[in-house]
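Next up is one chain by itself, shown in structure tokens, the form predicted on its own.
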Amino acid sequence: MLFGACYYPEHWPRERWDADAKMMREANFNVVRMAEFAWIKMEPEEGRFDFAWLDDAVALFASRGIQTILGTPTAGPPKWLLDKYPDIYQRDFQGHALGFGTRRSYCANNPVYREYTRRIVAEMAGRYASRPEVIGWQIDNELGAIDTARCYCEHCRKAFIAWLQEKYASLGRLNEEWGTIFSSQLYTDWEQLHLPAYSVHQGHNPGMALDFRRFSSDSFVGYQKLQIDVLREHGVDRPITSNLMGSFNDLDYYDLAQDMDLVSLDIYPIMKKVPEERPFRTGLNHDSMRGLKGRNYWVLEHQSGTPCTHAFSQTPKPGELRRWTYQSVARGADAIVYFRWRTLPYGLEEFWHGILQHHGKPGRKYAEVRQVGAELARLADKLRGTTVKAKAAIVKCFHNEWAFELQPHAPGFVYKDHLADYYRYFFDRHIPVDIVSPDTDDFSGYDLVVLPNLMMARDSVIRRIHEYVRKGGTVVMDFRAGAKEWNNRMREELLPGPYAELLGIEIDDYGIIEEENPNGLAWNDAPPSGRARTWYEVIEPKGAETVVRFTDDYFAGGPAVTRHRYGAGSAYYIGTEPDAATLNALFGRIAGEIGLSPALPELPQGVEAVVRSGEAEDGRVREFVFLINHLNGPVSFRLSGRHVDLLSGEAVEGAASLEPNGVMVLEKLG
């Protein structure tokens, strides 16, 4: 278990470094992340490199038993470089250059910047590849963040054309796929192609707009790979990662994660605006990161104080940092690196608080982090080789999310919130669930696969879904499934298109449900008990049974939810957005049918339970149950069997309780 903080030696006097390292070691820190914003210190002027300060910092921390994860500094190019080559700056969709003054202002497709990237990364790798104190590398920092995933410069236009030529091979095919005959938008020469930038009407061709998002994501995947390749060419054999941002969706994280050795996450629970939603939305971020490569991950920026740049967010209360830390560990984090060690007294992040306040003296948060460090040091050996194991999966597709951002269908509809509604059922009931790609090779390890808004899918994915259900799996699909081809144009067939046989239904009519005119929902012949919102579909069963029906409007009595036996499995279809009670009852029925069970039953609402398990050397399965109280008050509950709380060392049997922000890590006895 790695445990530490982000440290910036360039921000502090050298005489302070050892005092910080000493305090860190006393808190059981064994790692720091450094250098990801220090290009100007490494290369103060073109061609003159200075790593002596970083050498000294790495060596000093190593002398205290603290290893280093180095970040490549390309998120913050120095002013001398940008002044020499101003076309490195990104252009926004109105053609304005994103000037100097913060970070992430570069264009990932700029050939000059890519060359300077190679050079600085090669210099770092040549110096630190063989240093045993350097145990990992982070590429750049938060790729695509701060609305920088898409650039509209001339370099990107030319790169986009090349990307389109490789994808479509001919203009004729591109014109056909995009449907450019509409409004006389036909292209007769590759050079005529433009970017979906500022125009009379911001609703650009859906095929072009989606392809530009795909291209922009691929650009950063390629830029990251450039750096990874340079590190490997210079002998780096330690894990290489990049810090991702949970629900951030401007880049396809499945593609970005492919070239990493492991995934890393930046997590700031308090930045989620609705306090009551913070636990499950943070849990969703963790499960999403674990799902990118199907294994544990690092947290390279973990909230340690108030996160803000201008207006303050809530300050973490006593015990809260510990609580969020254990949620991270419970859901698969094998590294906790807090951001940041000490709050900076200047610059844009002078309000972004760390473990230490501006004064640099140990206080309440340091004491709490020190407690966690001592606890994790005791847990590390037991947790080694364990992870979260789920029998249910939710498919998240970035391409469908982008398509719904471009065309939301219904006012206010947000793909990721819709997916989060499904996820919350599992979170609240302590049922482990993986968040996985639609391109997952094999779904057979899951008893249930939920596929929200799978409007587009590759043919290979459609075949795997059918095969999974045919062999006994259960799927839940919902509205707009199969409505579009992969190129973002509408299918010219009766809905649900390629899933008609699987789902046993036909859909000819559909529309939005206005907020002012909600529709009712009822279970079979029972009286109305729920509400439908956002969307409706007029479903005609073709072998499927009705589970829930609409109660109002011209489609009253028609199915809202259906179930169809297909091969040895079942396929559910939800033709609306049900209210929470109806959705929970539906998933409860499905979970009961297939035997999905919680980590611990009958816990109070607001208590999270997660199991990390793995096989011991003797072949026995080891299980550790994390119990986390997210409520503002104490909770009481009962446990079956005898356990030991590994944090307190006390035996727990029968009646148990947790204080606000309280945590237990239980190992069963006997």
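For clarity, every value in this text was computed on a predicted model and none was experimentally measured. Quick note: we count residues from 1 along the sequence shown, nothing fancier.
Beyond what is shown, the protein has a form predicted together with a further copy of the same chain; the following relates to that form.
- Contact between R25 and a further copy of the same chain in the predicted complex is not found at the 4.5 Å heavy atom cutoff.
- Using a 4.5 angstroms limit between non-hydrogen atoms, L639 is distant from a further copy of the same chain in the predicted complex.
- A residue is said to contact a partner when one of its heavy atoms sits within 4.5 Å of a partner heavy atom; W523 fails this definition for a further copy of the same chain in the predicted complex, lying far away.
- Although the partner is absent here, P527 lies well away from a further copy of the same chain in the predicted complex, with no heavy atom inside 4.5 Å.
- The stretch that touches a further copy of the same chain in the predicted complex, counting heavy atoms within 4.5 Å, is 193 to 201, out of 193 to 201, 215 to 223, 126 to 134, 237 to 245.
- Exactly one listed residue, out of M490, A556, V414, A580, brings a non-hydrogen atom to within 4.5 Å of a further copy of the same chain in the predicted complex: M490.
- Site annotation in the predicted complex: the residue of G592, G445, G472, G347 reaching within 4.5 Å of a further copy of the same chain with a heavy atom is G347.
- Taken together, the three residues L98, R342 and I512 all lie with some non-hydrogen atom within 4.5 angstroms of a further copy of the same chain in the predicted complex.
- Contacts between stretch 449 to 478 and a further copy of the same chain, counted in the predicted complex as any heavy atom lying within 4.5 Å, involve no residue at all.
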